[in-house]
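Have a look below at one chain only, the form predicted alone, in structure tokens format.
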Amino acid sequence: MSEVRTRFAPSPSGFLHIGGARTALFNYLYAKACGGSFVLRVEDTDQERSTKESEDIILDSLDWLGIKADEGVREGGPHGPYRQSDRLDRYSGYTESLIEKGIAYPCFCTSEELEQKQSRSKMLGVPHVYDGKCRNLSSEEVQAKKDAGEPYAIRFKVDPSEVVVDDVVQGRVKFDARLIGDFIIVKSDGFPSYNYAVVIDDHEMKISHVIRGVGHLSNTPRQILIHNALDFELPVYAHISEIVGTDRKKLSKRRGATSVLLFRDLGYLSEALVNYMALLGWYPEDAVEFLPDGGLATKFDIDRCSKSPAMFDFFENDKSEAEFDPLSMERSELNKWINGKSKLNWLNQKYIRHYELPQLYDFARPFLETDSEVTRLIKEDEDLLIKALGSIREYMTTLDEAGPYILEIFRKSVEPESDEAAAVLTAEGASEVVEAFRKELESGNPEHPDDYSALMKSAGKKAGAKGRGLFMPIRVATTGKMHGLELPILFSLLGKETLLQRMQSVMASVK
């Protein structure tokens, strides 16, 4: 078998979104699993929409995800250039060959003419197929129009036939060529069309497998026709499933176009997002879903991709999208849109617990340094702060939660955060519980979480309290809050003296 070579070829006209990132990932994983090469090519022939800024964002997004190309616009390689606008001279020879063979021809129809014909087809409710007006122009007519300076495109002749796509994921799919019609391969501005350029680029870059979204399946018969006309060997096609929301409907444009870098900014680890995207339309044979440390690249097989739509469960689907703008929303507002039980959240928690503490601290530090108080704590006692991070990691879903938890541990001023919290301390028996715990603290010498747990149980026995009646008054008296870290762990970080000071301050504010 020849080398497996896959490619990802984005158009630089926006962000890298989840659908595009998943396509890049599947190509990358399959190449790595087969010991092959992954090529990154930029398709920027749409000059009106393509920008260098967008190209950089897409490439930076792939870098963050760890999807590294073996050949590409930044890496170079033996089959470059890898930016389509730098390859324009590559296409003209193939075009001339097709014209000489009578397989392609100049088309002088104006955009106004074509739009009118498309509108007429739409009104009649029939598929629009080019009527072949310029197909049979004589060489003299063609030359006269060229001499007159009339702009023209180049069309590919499509004769009646059946085009069959043998697809790894979708199976055998048949297309009636009569519904395709003669299509443009070179636009009037001299730039090749997508369907034309992609065939030549894939051939010259020796791409063996074309893995892409199922939305491209309808383009494939055109590309097969061009392959055959140019005597190119067909690649293996694999059109992966579409992505839907939790309501099983096609993922909306606003949710689907969410930038990959948004997840980075929200505190998701790149390896967790990669793991999550891999499970969108693919499932490992052993059913193990948590695959850290390169496990994906050893298990991925395009044959195990499903035809069924893949569910993107990160955003809630029961909300109006009128005000939805994830790139400009504050985190607190965006949280209302995020499905807290999504598989991505579950995976991110797993990865936060998986990494060695120094590495996790490196990941979390940019989020910690957004708060001036936490930054001060880093400068004062970084080792203690890292120790605290190790204790709170069990409670973190995203990296940006580290700062608030750290502040909870080290904050000086504590008082009930709400009337509901204050009411806990004025309830019957609460003051006795707090006083009993205070006495246990003063007489004891606790250091570890188990020591503090034992002190709370002892205080409960003496105050005649247990369960919520024991733990809730102690929690509010020491933190001012009704929810938070597990108390024995928090107390071991705070220490005896800080706890006594907090309890005195909180109880005084309630009285």
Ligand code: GLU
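From a predicted model like this one, the values you see are computed outputs, not experimental measurements. The first residue of the shown sequence is 1; numbering continues from there.
Quick note: we don't show the form predicted together with glutamic acid (GLU), though the next part is all about it.
Arg22, Leu273 and Phe314 each touching glutamic acid (GLU) in the predicted complex (heavy atom, 4.5 Å): No, because Arg22, Leu273 and Phe314 lack any heavy atom that approaches glutamic acid (GLU) to within 4.5 Å in the predicted complex.
Contact stretch among 107-115, 193-201, 404-412, 372-380 - heavy atom within 4.5 Å of glutamic acid (GLU) in the predicted complex: Heavy-atom contact with the partner occurs in 193-201.
Contacting member of His216, His354, His128, Arg304, with respect to glutamic acid (GLU) in the predicted complex [4.5 Å, heavy atom]: Checked against the cut-off, the match is His216.
Proximity to glutamic acid (GLU) in the predicted complex, single hit among Ile18, Leu499, Ile489, Ala9 (heavy atom within 4.5 Å): Of Ile18, Leu499, Ile489, Ala9, the residue with a heavy atom within 4.5 Å of glutamic acid (GLU) in the predicted complex is Ala9.
Touches glutamic acid (GLU) in the predicted complex: Arg212 (any heavy atom, 4.5 Å): Flag for Arg212 set to yes.
Interface membership of Glu43, glutamic acid (GLU) in the predicted complex, 4.5 Å heavy atom rule: Glu43 belongs to the contact set for glutamic acid (GLU).
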